[in-house]
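Here you get one chain, nothing else, as structure tokens; it is the form predicted alone.
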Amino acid sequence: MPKITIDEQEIEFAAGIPVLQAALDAGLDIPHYCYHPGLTVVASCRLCLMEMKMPHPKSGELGWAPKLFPSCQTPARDGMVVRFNSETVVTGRERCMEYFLLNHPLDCPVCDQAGECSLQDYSYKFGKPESRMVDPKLVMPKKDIGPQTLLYSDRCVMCTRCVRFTKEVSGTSELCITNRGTNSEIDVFPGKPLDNPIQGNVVDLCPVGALLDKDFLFKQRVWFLQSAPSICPGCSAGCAIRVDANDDIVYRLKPRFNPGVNDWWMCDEGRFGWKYALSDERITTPRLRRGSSTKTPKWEDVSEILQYRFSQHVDEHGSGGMVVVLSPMMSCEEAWLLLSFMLKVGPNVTAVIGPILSVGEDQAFPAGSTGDETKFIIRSEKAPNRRGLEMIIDQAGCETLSFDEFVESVGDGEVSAAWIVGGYPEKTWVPKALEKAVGKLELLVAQDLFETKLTAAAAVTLPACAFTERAGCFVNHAGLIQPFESAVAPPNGCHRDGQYLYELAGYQGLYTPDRVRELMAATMSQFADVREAAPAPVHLH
């Protein structure tokens, strides 16, 4: 690999990247605002300036050039020698920081960005401890620029990341720079609010507290939040995200760097569409129905009850009419455990993949882009794990039906027992034909988030977890197996799906997705090596 010397330290770098990215990849803390690897380079903030050795125009001898160069705009080349720790660079950096802070308000105590603000960090690390500003500060307006976003212009450092994002990634160009000089400010075009399906990314891009998410505004201090890596279940894209929670309450979702999948971005549907997990209408306890009466069994008895019910059914009716409906909202591990149990009870069980919800067509950004021009795609298929279920069912080698064929079979009385898993954000996932036909089933187990006609008719009702409460892996539309962790505990009284399915399948101890994937890998080698999202450089903003 090519090598570059930065501050007398020789480091290797990937070809085709700027010096700044090479330094960040090597773990060096180089201050920057305007640079972002997913956007074009404008070199406007001047914080990443460096000194570079160049040949003398007369003697050809290498020496330090008399001017500073923006490292974000300078391609890294093999054999280059640069430095960021010289007196000239440090002085220039201090002057830039002083300029950024001239009119910046001292409102860190009430700013949502406090605790993860690069202006705070850079002021402490690279700025001066005092300000020479004695004149009144220029006060800029606070603006409501869209349904989900606020703009506090007085905090803006004019890095223009947000403007470039709406032009280059979303392709909607709502944001622009108005006025000139010290009066420059970010604004929306008249009559064109910031309202596109991926606009929430501008808040992630903002290195200070200028762009704010209305949904998170004044909800939590970021240093109280605990983060868990997850995968967005909103569609089949498999975007890597971070779930931020405190006291077992989720407060926000953020994208994680996932090259080739979602890169640095996520859509607003995934960012804001998790509130169903907080609903008071969630099913939280198991329920056992006998005739017209119901009771709540102890969790430690659930496995025995289910084994008895299905064994009794097989003795009386055989296993030919037994069906398990696996939801594409389940993790691969949960689906494998449930199918394993059902095949042990009845070797002739039929497997069905639950409804694959679809909305419109795939949305590519920028709009109308194709191939390499496309920066982000929102998939029309709203099922995070259809591919994973297909892999598990194919390996099991059992009989299969489409969901529509299953519904028709229930109506025709060809299905005698079914375990149906839901877990969808909406209660309306159950088709009317299935609601009318479930009364013909001799045995029905319903596992879901919310009450439906299925849970009302079920002999055994089990609560399902939301994606923030479960751990496992999803397989996206391209066949990538990506793991995720639980961020919060299930509601009081509820057990994680993985735990009770683990016990039901005949395993003892604590459910862990790694352990189950080891068992799965014995017959499906793909699950021996899941794809972990690559961590972004720690000092990259």
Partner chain sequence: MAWETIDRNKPVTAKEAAPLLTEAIKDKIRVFFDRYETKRAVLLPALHITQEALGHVGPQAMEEIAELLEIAPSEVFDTIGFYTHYWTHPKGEKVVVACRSISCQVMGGDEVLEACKKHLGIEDHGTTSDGKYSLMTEECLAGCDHAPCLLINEKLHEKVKPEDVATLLEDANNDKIEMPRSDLYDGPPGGSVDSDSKAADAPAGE
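Note that the structure is predicted; figures quoted are calculated from it, not measured. Numbering follows the first chain given and starts at 1.
Beyond what is shown, the protein has a form predicted together with the partner chain; the following relates to that form.
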Determine whether any heavy atom of Asp144 comes within 4.5 Å of a heavy atom of the partner chain in the predicted bound form, and answer yes or no.
yes
With heavy atoms only and a cut-off of 4.5 Å, decide whether Arg221 touches the partner chain in the predicted bound form.
no
Mark Tyr152 yes when one of its heavy atoms lies within 4.5 Å of a heavy atom of the partner chain in the predicted bound form, and no otherwise.
yes
So in the predicted bound form, does Lys192 come within 4.5 Å of the partner chain, heavy atom to heavy atom?
yes
Region of this chain that lies against the partner chain in the predicted bound form, out of 358-366, 438-446, 311-319, 182-190 [heavy atom, 4.5 Å]
182-190
Quick check on this chain: which one of Ala433, Val81, Ile177, Ala114 has a heavy atom within 4.5 Å of the partner chain in the predicted bound form?
Ile177
Arg387, Lys167, Arg282, Arg379 - the one with a heavy atom within 4.5 Å of the partner chain in the predicted bound form
Lys167
So, Asn348, Cys398 and Leu480: all three within 4.5 Å of the partner chain in the predicted bound form by heavy atoms, or not?
no
